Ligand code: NAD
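As a starting point, one isolated chain is supplied in C-alpha coordinates, in the form predicted alone.
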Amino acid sequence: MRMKDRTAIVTGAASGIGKEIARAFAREGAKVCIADLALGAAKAAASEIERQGASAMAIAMDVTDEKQVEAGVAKVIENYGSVDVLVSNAGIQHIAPIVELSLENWRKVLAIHLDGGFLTTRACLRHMVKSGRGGTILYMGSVHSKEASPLKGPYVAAKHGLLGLCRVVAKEGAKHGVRSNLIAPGFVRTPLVEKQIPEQAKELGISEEEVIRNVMLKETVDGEFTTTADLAETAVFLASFPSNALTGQSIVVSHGWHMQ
(Lines give C-alpha, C1' and ligand atoms only; values in the text may rest on other atoms or scores of the structure.)
Protein backbone atom coordinates (compact mmCIF):
# COMPACT_ATOMS: atom_id res chain seq x y z
CA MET A 1 0.00 0.00 0.00
CA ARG A 2 2.52 2.55 -1.20
CA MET A 3 -0.01 5.41 -1.33
CA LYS A 4 -2.01 4.80 1.85
CA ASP A 5 -3.57 7.96 3.34
CA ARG A 6 -2.91 10.03 0.19
CA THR A 7 -5.42 11.76 -2.03
CA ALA A 8 -4.81 11.95 -5.77
CA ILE A 9 -6.45 13.89 -8.58
CA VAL A 10 -5.98 12.42 -12.06
CA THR A 11 -7.21 14.51 -14.99
CA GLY A 12 -8.49 12.88 -18.14
CA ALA A 13 -9.01 9.75 -16.05
CA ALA A 14 -12.32 8.47 -17.39
CA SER A 15 -10.45 6.33 -19.94
CA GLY A 16 -7.05 5.28 -21.24
CA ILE A 17 -3.85 6.11 -19.41
CA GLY A 18 -5.50 8.26 -16.76
CA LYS A 19 -8.01 5.57 -15.83
CA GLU A 20 -5.27 2.96 -15.45
CA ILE A 21 -3.24 5.32 -13.24
CA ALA A 22 -6.27 6.05 -11.06
CA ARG A 23 -6.92 2.32 -10.65
CA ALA A 24 -3.28 1.68 -9.73
CA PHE A 25 -3.28 4.49 -7.16
CA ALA A 26 -6.46 3.07 -5.61
CA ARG A 27 -4.92 -0.40 -5.38
CA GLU A 28 -2.02 1.17 -3.52
CA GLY A 29 -4.35 2.72 -0.94
CA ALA A 30 -4.96 6.22 -2.30
CA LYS A 31 -8.28 8.05 -2.35
CA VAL A 32 -8.73 9.00 -5.99
CA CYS A 33 -10.57 11.74 -7.85
CA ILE A 34 -11.44 11.00 -11.48
CA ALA A 35 -11.49 14.42 -13.18
CA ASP A 36 -12.75 14.46 -16.74
CA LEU A 37 -14.93 16.33 -19.21
CA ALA A 38 -17.03 13.17 -19.60
CA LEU A 39 -18.75 13.08 -16.21
CA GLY A 40 -20.74 9.93 -16.93
CA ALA A 41 -17.62 7.97 -17.83
CA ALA A 42 -15.79 9.47 -14.84
CA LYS A 43 -18.56 8.31 -12.50
CA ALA A 44 -18.41 4.84 -14.02
CA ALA A 45 -14.64 4.70 -13.49
CA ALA A 46 -15.02 5.87 -9.88
CA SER A 47 -17.74 3.27 -9.24
CA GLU A 48 -15.48 0.55 -10.62
CA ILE A 49 -12.76 1.56 -8.15
CA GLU A 50 -15.22 1.65 -5.25
CA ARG A 51 -16.44 -1.86 -6.08
CA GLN A 52 -12.87 -2.99 -5.49
CA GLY A 53 -13.06 -1.60 -1.95
CA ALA A 54 -11.20 1.67 -2.49
CA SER A 55 -12.39 5.27 -2.22
CA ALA A 56 -13.05 7.30 -5.36
CA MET A 57 -15.05 10.29 -6.54
CA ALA A 58 -15.76 11.83 -9.92
CA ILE A 59 -15.90 15.46 -10.97
CA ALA A 60 -16.56 17.18 -14.27
CA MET A 61 -13.51 19.24 -15.18
CA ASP A 62 -12.57 21.21 -18.26
CA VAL A 63 -8.90 21.76 -17.45
CA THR A 64 -8.85 24.93 -19.57
CA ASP A 65 -11.59 26.54 -17.46
CA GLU A 66 -10.09 28.37 -14.48
CA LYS A 67 -13.30 28.38 -12.43
CA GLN A 68 -13.99 24.68 -13.04
CA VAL A 69 -10.46 23.74 -12.03
CA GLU A 70 -10.54 25.81 -8.85
CA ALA A 71 -13.98 24.51 -7.90
CA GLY A 72 -13.04 20.92 -8.65
CA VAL A 73 -9.90 20.97 -6.53
CA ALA A 74 -11.80 22.68 -3.71
CA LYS A 75 -14.43 19.91 -3.84
CA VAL A 76 -11.78 17.22 -3.53
CA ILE A 77 -10.26 18.97 -0.52
CA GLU A 78 -13.71 19.36 1.02
CA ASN A 79 -14.43 15.63 0.57
CA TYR A 80 -11.04 14.16 1.38
CA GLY A 81 -9.27 16.87 3.37
CA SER A 82 -6.22 17.24 1.14
CA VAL A 83 -4.65 16.86 -2.27
CA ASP A 84 -1.35 15.01 -2.09
CA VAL A 85 -0.85 13.98 -5.72
CA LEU A 86 -1.84 15.58 -9.02
CA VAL A 87 -1.46 13.77 -12.32
CA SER A 88 -1.89 16.25 -15.17
CA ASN A 89 -2.87 13.76 -17.83
CA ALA A 90 -5.65 15.35 -19.92
CA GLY A 91 -4.61 15.80 -23.54
CA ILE A 92 -5.61 15.68 -27.20
CA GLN A 93 -3.87 15.29 -30.53
CA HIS A 94 -4.27 16.94 -33.93
CA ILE A 95 -2.59 15.63 -37.06
CA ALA A 96 -1.73 18.17 -39.78
CA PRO A 97 1.32 19.67 -41.48
CA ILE A 98 2.25 23.14 -40.25
CA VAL A 99 1.30 24.75 -43.56
CA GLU A 100 -2.26 23.45 -43.21
CA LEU A 101 -2.64 23.85 -39.44
CA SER A 102 -5.29 26.32 -38.30
CA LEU A 103 -4.64 28.71 -35.44
CA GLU A 104 -7.80 27.35 -33.79
CA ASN A 105 -6.44 23.80 -33.67
CA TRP A 106 -2.98 25.01 -32.58
CA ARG A 107 -4.54 26.89 -29.67
CA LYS A 108 -6.86 24.03 -28.72
CA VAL A 109 -4.04 21.51 -28.34
CA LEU A 110 -1.83 23.93 -26.40
CA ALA A 111 -4.70 25.03 -24.18
CA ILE A 112 -5.59 21.54 -22.98
CA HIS A 113 -1.99 20.50 -22.36
CA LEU A 114 -0.37 23.74 -21.16
CA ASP A 115 -3.22 25.86 -19.81
CA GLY A 116 -4.62 22.71 -18.24
CA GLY A 117 -1.28 21.76 -16.77
CA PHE A 118 -0.80 25.25 -15.36
CA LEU A 119 -4.29 25.68 -13.91
CA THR A 120 -4.42 22.30 -12.19
CA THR A 121 -0.86 22.73 -10.93
CA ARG A 122 -1.56 26.16 -9.49
CA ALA A 123 -4.72 25.02 -7.71
CA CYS A 124 -3.10 21.94 -6.19
CA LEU A 125 0.24 23.58 -5.44
CA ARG A 126 -1.45 26.36 -3.47
CA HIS A 127 -3.05 23.76 -1.23
CA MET A 128 0.13 21.70 -0.92
CA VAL A 129 2.05 24.80 0.20
CA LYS A 130 -0.65 25.99 2.60
CA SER A 131 -1.18 22.58 4.19
CA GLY A 132 2.51 22.04 4.89
CA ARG A 133 2.11 18.40 3.80
CA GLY A 134 4.00 18.80 0.55
CA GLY A 135 3.01 16.61 -2.35
CA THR A 136 3.75 15.28 -5.80
CA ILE A 137 2.83 16.70 -9.20
CA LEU A 138 3.19 14.45 -12.22
CA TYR A 139 2.83 15.46 -15.85
CA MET A 140 1.96 13.10 -18.66
CA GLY A 141 4.49 14.16 -21.24
CA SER A 142 5.64 12.06 -24.17
CA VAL A 143 8.72 11.03 -26.05
CA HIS A 144 7.58 14.13 -27.95
CA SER A 145 8.71 16.12 -24.90
CA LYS A 146 12.19 15.33 -26.25
CA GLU A 147 11.75 14.35 -29.90
CA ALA A 148 9.86 15.84 -32.84
CA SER A 149 7.71 14.09 -35.42
CA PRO A 150 6.12 15.49 -38.57
CA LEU A 151 2.42 16.42 -38.56
CA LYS A 152 2.35 17.01 -34.79
CA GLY A 153 3.46 20.62 -34.39
CA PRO A 154 1.16 21.71 -31.54
CA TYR A 155 1.45 18.40 -29.70
CA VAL A 156 5.25 18.42 -29.79
CA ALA A 157 5.33 22.07 -28.69
CA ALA A 158 2.90 21.35 -25.86
CA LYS A 159 4.76 18.30 -24.59
CA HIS A 160 8.07 20.21 -24.65
CA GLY A 161 6.32 22.96 -22.68
CA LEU A 162 5.10 20.54 -20.03
CA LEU A 163 8.66 19.43 -19.38
CA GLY A 164 9.64 23.05 -18.82
CA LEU A 165 6.71 23.58 -16.44
CA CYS A 166 7.65 20.42 -14.57
CA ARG A 167 11.17 21.68 -14.00
CA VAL A 168 9.99 25.08 -12.76
CA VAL A 169 7.57 23.45 -10.33
CA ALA A 170 10.37 21.24 -9.03
CA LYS A 171 12.45 24.32 -8.23
CA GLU A 172 9.60 26.39 -6.77
CA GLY A 173 8.09 23.50 -4.85
CA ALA A 174 11.27 22.17 -3.27
CA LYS A 175 11.18 24.32 -0.14
CA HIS A 176 7.59 23.22 0.44
CA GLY A 177 8.28 19.50 0.04
CA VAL A 178 6.62 19.32 -3.37
CA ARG A 179 8.22 17.09 -5.99
CA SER A 180 7.48 17.30 -9.71
CA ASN A 181 8.30 14.80 -12.45
CA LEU A 182 7.21 14.00 -15.98
CA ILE A 183 6.39 10.62 -17.51
CA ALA A 184 7.35 10.40 -21.18
CA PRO A 185 5.68 7.42 -22.85
CA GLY A 186 6.15 6.19 -26.36
CA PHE A 187 3.11 5.17 -28.35
CA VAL A 188 0.37 3.64 -26.21
CA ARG A 189 -2.54 2.03 -28.02
CA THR A 190 -5.24 4.25 -26.51
CA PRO A 191 -8.26 5.70 -28.36
CA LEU A 192 -6.13 8.81 -29.00
CA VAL A 193 -3.50 6.75 -30.82
CA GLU A 194 -6.07 4.60 -32.60
CA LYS A 195 -7.47 7.81 -34.08
CA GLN A 196 -4.01 8.88 -35.25
CA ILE A 197 -3.31 5.71 -37.23
CA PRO A 198 -5.77 6.35 -40.12
CA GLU A 199 -5.05 10.09 -39.99
CA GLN A 200 -1.33 9.56 -40.46
CA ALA A 201 -1.93 6.89 -43.11
CA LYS A 202 -3.95 9.43 -45.10
CA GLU A 203 -1.45 12.28 -44.67
CA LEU A 204 1.58 10.11 -45.49
CA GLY A 205 -0.04 8.06 -48.25
CA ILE A 206 0.79 4.71 -46.65
CA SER A 207 -1.18 1.85 -45.10
CA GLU A 208 -2.25 1.79 -41.47
CA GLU A 209 0.00 -1.21 -40.85
CA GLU A 210 2.94 0.78 -42.25
CA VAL A 211 2.09 3.66 -39.90
CA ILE A 212 2.31 1.28 -36.94
CA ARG A 213 5.44 -0.56 -38.10
CA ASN A 214 7.43 2.18 -39.84
CA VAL A 215 6.33 5.34 -38.06
CA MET A 216 5.05 4.65 -34.56
CA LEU A 217 7.22 1.70 -33.54
CA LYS A 218 10.18 2.08 -35.89
CA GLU A 219 12.54 3.51 -33.26
CA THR A 220 11.68 1.04 -30.49
CA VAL A 221 14.04 -1.81 -29.71
CA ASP A 222 11.37 -4.50 -29.98
CA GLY A 223 8.51 -3.13 -32.10
CA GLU A 224 6.15 -3.07 -29.14
CA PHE A 225 3.63 -0.51 -27.92
CA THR A 226 4.01 0.87 -24.40
CA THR A 227 1.03 -0.18 -22.25
CA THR A 228 -1.18 1.74 -19.86
CA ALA A 229 -0.03 -0.68 -17.15
CA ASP A 230 3.59 0.33 -17.80
CA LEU A 231 2.68 3.97 -17.24
CA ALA A 232 0.53 3.30 -14.19
CA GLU A 233 3.39 1.47 -12.49
CA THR A 234 5.73 4.37 -13.31
CA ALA A 235 3.22 6.85 -11.86
CA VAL A 236 2.93 4.86 -8.63
CA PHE A 237 6.72 4.70 -8.35
CA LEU A 238 7.08 8.46 -8.80
CA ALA A 239 4.13 9.39 -6.59
CA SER A 240 5.31 7.18 -3.73
CA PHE A 241 9.05 7.86 -3.95
CA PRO A 242 10.21 8.22 -0.33
CA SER A 243 12.38 11.35 -0.58
CA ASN A 244 12.83 14.61 -2.46
CA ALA A 245 15.85 13.23 -4.33
CA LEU A 246 13.78 12.38 -7.41
CA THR A 247 12.36 15.66 -8.71
CA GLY A 248 12.52 17.72 -11.88
CA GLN A 249 13.10 14.58 -13.94
CA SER A 250 11.53 12.99 -17.00
CA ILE A 251 11.16 9.22 -17.06
CA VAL A 252 10.98 7.80 -20.59
CA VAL A 253 8.82 4.67 -20.91
CA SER A 254 9.07 3.87 -24.61
CA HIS A 255 10.64 0.45 -25.34
CA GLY A 256 13.90 2.24 -26.03
CA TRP A 257 12.55 4.75 -28.56
CA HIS A 258 14.35 7.59 -26.82
CA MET A 259 17.40 6.80 -24.70
CA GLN A 260 18.87 9.37 -22.36
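Since the model is a prediction, treat every value here as computed from it, not as a measurement. Just count from 1 along the sequence shown to find any residue number.
As for the form predicted together with ligand NAD, it is not shown, yet the points below apply to it.
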Problem set entry | The single option of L204, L217, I197, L37 touching ligand NAD in the predicted complex, heavy atom within 4.5 Å | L37
For this session: With ligand NAD left out of view, choose which of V188, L163, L101, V129 has a non-hydrogen atom within 4.5 angstroms of it in the predicted complex.
Result: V188
Exercise. Judged by heavy atoms and a 4.5 Å cut-off, are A14, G91 and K159 together in contact with ligand NAD in the predicted complex?
Worked result: yes
Exercise. Heavy atoms within 4.5 Å of ligand NAD in the predicted complex: does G117 have any?
Worked result: no
Exercise. Would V63 sit within 4.5 Å of ligand NAD in the predicted complex, counting heavy atoms only?
Worked result: yes
Problem set entry | Partner proximity in the predicted complex: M140 to ligand NAD, non-hydrogen atom cutoff 4.5 Å | yes
Exercise. Would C124 count as a contact of ligand NAD in the predicted complex, using a 4.5 angstroms cut-off between non-hydrogen atoms?
Worked result: no
For this session: Would you mind picking out the stretch of 204-212, 45-53, 188-196, 25-33 that comes within 4.5 angstroms of ligand NAD in the predicted complex, counting non-hydrogen atoms?
Result: 188-196
Problem set entry | Members of 108-129 lying within 4.5 angstroms of ligand NAD, judged by heavy atom, in the predicted complex | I112, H113
